[in-house]
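What follows is a single chain, given as structure tokens, in the form predicted alone.
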Amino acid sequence: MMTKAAVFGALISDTFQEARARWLFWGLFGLSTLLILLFLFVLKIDLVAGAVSLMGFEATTRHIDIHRFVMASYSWVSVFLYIWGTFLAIFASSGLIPSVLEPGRISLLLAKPLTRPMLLMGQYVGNVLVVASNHIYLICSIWIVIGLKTNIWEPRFLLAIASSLFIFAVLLCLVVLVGVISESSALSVMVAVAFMLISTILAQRQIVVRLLSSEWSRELWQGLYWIVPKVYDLAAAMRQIIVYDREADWVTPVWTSAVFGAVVLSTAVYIFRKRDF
């Protein structure tokens, strides 16, 4: 008889197989490889000349110019991968949860010796690991490319893996919840992307609160800010740490986003347990 750990591992393996069967796994790695090759092509230019012409750096010493070029590259690449990687991962993962709820497949899965929470969590963890493997491949490859080209190795850049994967894991909770309720991959994407955009708007609270005329509207804005995942704040903290090596408040956006994700995922599990299949 299989143990719970073995069953959970089989569910994760099933998620990987599903991702490969639907070409999502290969699509993610294919697009990441294309981005890496594009980056390799861009770095074929002379770094100092390219930095001066493209970014307006003054041609002082080669070491300073190359280091400034590398840090500027990290700034652009880390933010781009944070946004692009999260969008791409949400699109890729949105169809995996509804596919589990298809009439024939859900009946087969529920006939096996596993609980509904284990089934849903196995799919969730499997999705996170699929995306994690792609994020590690993409970000580590770009880090190695820049390091080999410039001989400047900044391990802080690898923090982009943790930050982008964390915010994806939080938004995936929304994808799971909407998928369990509606069984619609399109609606799952729409809701997750909407929360990314809403988070960015709400993060401008210091400016907006001064412009709002009533106390209740200011409190509402502040309340919504603390509820939604801190996509913008985490990206800003990541950039400060990776590029400038400055102290940044990453604890607040992490724990508030984690609480949001835990509540949403728990709700999805509760609804999934109560559903009739």
Partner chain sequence: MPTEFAIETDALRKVYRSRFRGREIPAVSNLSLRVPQGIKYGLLGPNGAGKTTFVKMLLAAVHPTSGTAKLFGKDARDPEARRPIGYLPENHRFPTYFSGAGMLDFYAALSGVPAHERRRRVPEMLKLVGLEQWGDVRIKKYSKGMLQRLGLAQALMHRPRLLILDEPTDGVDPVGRRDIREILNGLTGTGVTVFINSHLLGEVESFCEYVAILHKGKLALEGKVSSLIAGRGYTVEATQVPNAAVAEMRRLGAAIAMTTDGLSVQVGSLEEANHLIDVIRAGGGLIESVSNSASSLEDVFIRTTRGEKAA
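The structure displayed is predicted, hence computed values, not measured ones. The term rigid core refers to the most C-alpha atoms you can superpose between the two forms while keeping them within 1.5 Å. Numbering follows the first chain given and starts at 1.
Keep in mind that the form predicted in complex with its partner chain is not shown, yet the notes after this line are about it.
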Report whether the minimum heavy atom distance between Pro155 and its partner chain in the model of the complex is within 4.5 Å.
-> no
State yes or no: in the model of the complex, is some non-hydrogen atom of Ala10 no more than 4.5 angstroms from a non-hydrogen atom of its partner chain?
-> yes
With the partner left out of view, is Leu109 within 4.5 angstroms of its partner chain in the model of the complex by any non-hydrogen atom?
-> yes
Hey, in the model of the complex, is Val145 touching its partner chain, heavy atoms inside 4.5 Å?
-> no
Segment that reaches its partner chain in the model of the complex - one of 128-136, 162-170, 190-198, 96-104, heavy atoms within 4.5 Å = 96-104
Heavy atom within 4.5 Å of its partner chain in the model of the complex: which residues of 13-27 qualify?
-> Asp14, Gln17, Glu18, Ala21
Core-superposed comparison between this form and the one not shown, Trp26 Cα displacement 2 Å or beyond | yes
